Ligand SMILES: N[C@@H](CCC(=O)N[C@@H](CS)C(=O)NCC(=O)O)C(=O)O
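Starting off, we have a lone chain in the form predicted on its own, written out as structure tokens.
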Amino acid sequence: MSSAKLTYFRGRGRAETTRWMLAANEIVFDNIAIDTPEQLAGLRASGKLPFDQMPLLEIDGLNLSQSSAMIRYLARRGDLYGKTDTDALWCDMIVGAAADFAETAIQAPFKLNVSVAVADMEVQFAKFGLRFEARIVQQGSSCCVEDRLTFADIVLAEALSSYLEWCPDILEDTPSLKALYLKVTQLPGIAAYLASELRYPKQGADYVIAAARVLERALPSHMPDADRFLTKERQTS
């Protein structure tokens, strides 16, 4: 059985879609958490980061950077890119839209409060939700592309999972989108991942603080002692 290592902060963030793709392919993987600036410096010095960025996926003897590239590599590896070039094109378009859609949920823990985060997600869902719904209805199935599962379904379902944590009733008026979400989350690999210790909890202030500590960056301005992790050089620059 194939195995992999996924290195990132101690949380979901921009690595979560890759985790869902690994799970969909039933690839065993380890979460490697970077908790300190020193650990990040060591990772950078290792030469494993092609563009000096996390997440890092180590698989098949490769060091993969850029989440979109990881996701597509795993899609091709698992025959989740559709049957035709047109299918692949639709997968790429839907995944691109889903990434824009997901960004609001990724940023939710950084917002001033829960009310602001939820309001932003409701606006974003109003923009994208009905369009995703219409695409699924057009296919006549609970899939985004023709009648077979593709990585577009997995990426979209992962984004929806974050929305549902903040807005539990948000899919009630989009039954086809809800059916897609249920279909994906019931896949054996995905269901096992969601029930496992590999799945980090819903992101909140702890994740924001942990990431700022590793990167030695300022926290959002509404948080107490926002500059606590800045080095003296950054504080005076």
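Each residue number is its position in the shown sequence, starting from 1. Keep in mind the model is a prediction, meaning the values are calculated, not measured.
Omitted from view is the form predicted together with this ligand, to which the following refers.
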Exercise for the section: Mark residue 20 yes when one of its heavy atoms lies within 4.5 Å of a heavy atom of this ligand in the predicted bound form, and no otherwise. Expected result: no
Exercise for the section: Look up in the predicted bound form whether residue 14 has a non-hydrogen atom within 4.5 angstroms of this ligand, and give yes or no. Expected result: yes
Practice task
Would you check, heavy atoms only and a 4.5 Å threshold, whether residue 31 touches this ligand in the predicted bound form?
Solution key: no
Exercise for the section: Look up in the predicted bound form whether residue 217 has a non-hydrogen atom within 4.5 angstroms of this ligand, and give yes or no. Expected result: yes
Completion exercise
Interface check vs this ligand in the predicted bound form: of 52, 206, 38, 173, the one with a heavy atom inside 4.5 Å is 52
Completion exercise
Given 177-185, 61-69, 22-30, 192-200, the stretch touching this ligand in the predicted bound form at heavy atoms within 4.5 Å is 61-69
Fill in the blank from the handout: Those residues of 3-36 with a non-hydrogen atom no more than 4.5 Å from this ligand in the predicted bound form are 8, 9, 14
